[in-house]
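Shown here is one chain on its own, the form predicted alone, set out as structure tokens.
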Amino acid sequence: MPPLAIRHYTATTALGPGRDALLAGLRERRGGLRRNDFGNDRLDCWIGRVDGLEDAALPLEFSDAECRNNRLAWLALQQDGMFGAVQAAKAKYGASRIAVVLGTSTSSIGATEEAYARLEPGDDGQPAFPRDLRQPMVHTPHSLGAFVQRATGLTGPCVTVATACSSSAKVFAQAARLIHAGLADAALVGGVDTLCGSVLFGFNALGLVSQAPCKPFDATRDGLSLGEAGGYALLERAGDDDALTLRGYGESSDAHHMSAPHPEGLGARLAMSQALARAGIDAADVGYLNLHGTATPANDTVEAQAVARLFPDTLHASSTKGWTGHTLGAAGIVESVIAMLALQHGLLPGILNSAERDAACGAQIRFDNAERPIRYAMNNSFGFGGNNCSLVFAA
């Protein structure tokens, strides 16, 4: 496919706001997970929480959009010059020619949880949301996209993608189609997901949450650590001298089971193969692969075996969820940012917290960091129902 330039990108995670905090944590092998201190009813687990959101109110002009998710969307938009880059693109292309395509899983459902917990008598005496939470848009799945489009002043196509953990990887594919079809000249892509009761207790009900910091691909792994994050990238048509580009994407849905991957990794292999084909490269050309790697026993095994069938042993592949936690609908953008940092800085992350190799996983799985220049990096993001997306970036 024609490459798309990425001249601006950013991520805010439990390691701190912006790319520098993320890069420093990866380089120093210093994670952002901590024992769960979120909410009143606390599960015994570890989380990746972004500090300061409780005190980071939205500007007054956006007070009707107040919620934790939109606060993080705004905070992330202020990092690494992203807001200014969007305004410059708006001046260059026009507001109506820039799409907003963002991913999430639960959007601002945390505000809806709070509204139900604080029901009070309405004007008719029936239980109603408290007045400060009677904001209809906040309680919809499109809350994220609508807020960011309003905050940036963009007026082009606006989509909020919610395919669980693949959401903010699929936004790159959807934006590429919009640009290549001539429906937009640029696209602000990314994703935001924040901690809430639905996420913590929902994943715990599925038996997927570990009581200890997650250990992706470790032989003793027993589940994931949930996190929150936000990030963005600005996609534009590439010129001859663009240093960082999106080169390919692959999407699949193996529809095997609502919450379990295909046992032979069929969907994962299809997504990775399509991304390589669209980029016009061989598997051996990929220098770093950021795995979905949730640290659940089944998912990691299936992904590792799919990778082993497709890539040579020389590939450096890792999961970075030990640093950030599993940020669900924001995982795609966070881990794409890590892949782009690998391309630009030559830092290939290993896996945090893991030490005991699983014999079921191949030689591609690397626990230790490495440093060397690479030309291509891939990011895998897989969601419920076998909803998979793989992206190829180049430098």
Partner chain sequence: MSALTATIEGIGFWSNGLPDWDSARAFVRTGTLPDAAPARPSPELLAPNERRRAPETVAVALDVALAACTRAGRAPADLPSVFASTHGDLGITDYMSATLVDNPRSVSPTRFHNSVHNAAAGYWTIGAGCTQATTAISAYAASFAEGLVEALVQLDAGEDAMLLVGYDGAATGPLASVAKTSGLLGGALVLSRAPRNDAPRLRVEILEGNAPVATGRLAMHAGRNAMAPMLPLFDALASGESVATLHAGPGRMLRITLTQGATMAAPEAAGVAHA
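This structure is a prediction, so every number in the text was calculated from the model and none was measured. Residue numbers count along the first chain shown, from 1.
The following text describes the form predicted together with its partner chain, which does not appear among the structures shown.
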Q: Evaluate residue 139 for contact with its partner chain in the predicted complex, applying a 4.5 angstroms cut-off between non-hydrogen atoms, and reply yes or no.
A: yes
(Q) Can you tell me if residue 155 lies within 4.5 angstroms of its partner chain in the predicted complex, counting non-hydrogen atoms only? (A) yes
Q) Is there a heavy atom of residue 357 no more than 4.5 Å from a heavy atom of its partner chain in the predicted complex? A) no
(Q) Please determine whether residue 117 contacts its partner chain in the predicted complex, using a 4.5 Å cut-off between heavy atoms. (A) yes
Q | The single option of 151, 178, 302, 82 touching its partner chain in the predicted complex, heavy atom within 4.5 Å | A | 178
**Q.** Contact assignment for its partner chain in the predicted complex, among 159, 219, 310, 88, heavy atom within 4.5 Å
**A.** 159
Q) Can all three of 30, 94 and 241 be found with a heavy atom no more than 4.5 Å from its partner chain in the predicted complex? A) no
Q: Could you tell me which of 73-81, 290-298, 314-322, 170-178 sits within 4.5 Å of its partner chain in the predicted complex, going by non-hydrogen atoms?
A: 170-178
Q: Go through 376-395 residue by residue and record those having a heavy atom within 4.5 Å of its partner chain in the predicted complex; state none if no residue qualifies.
A: 384, 385, 387
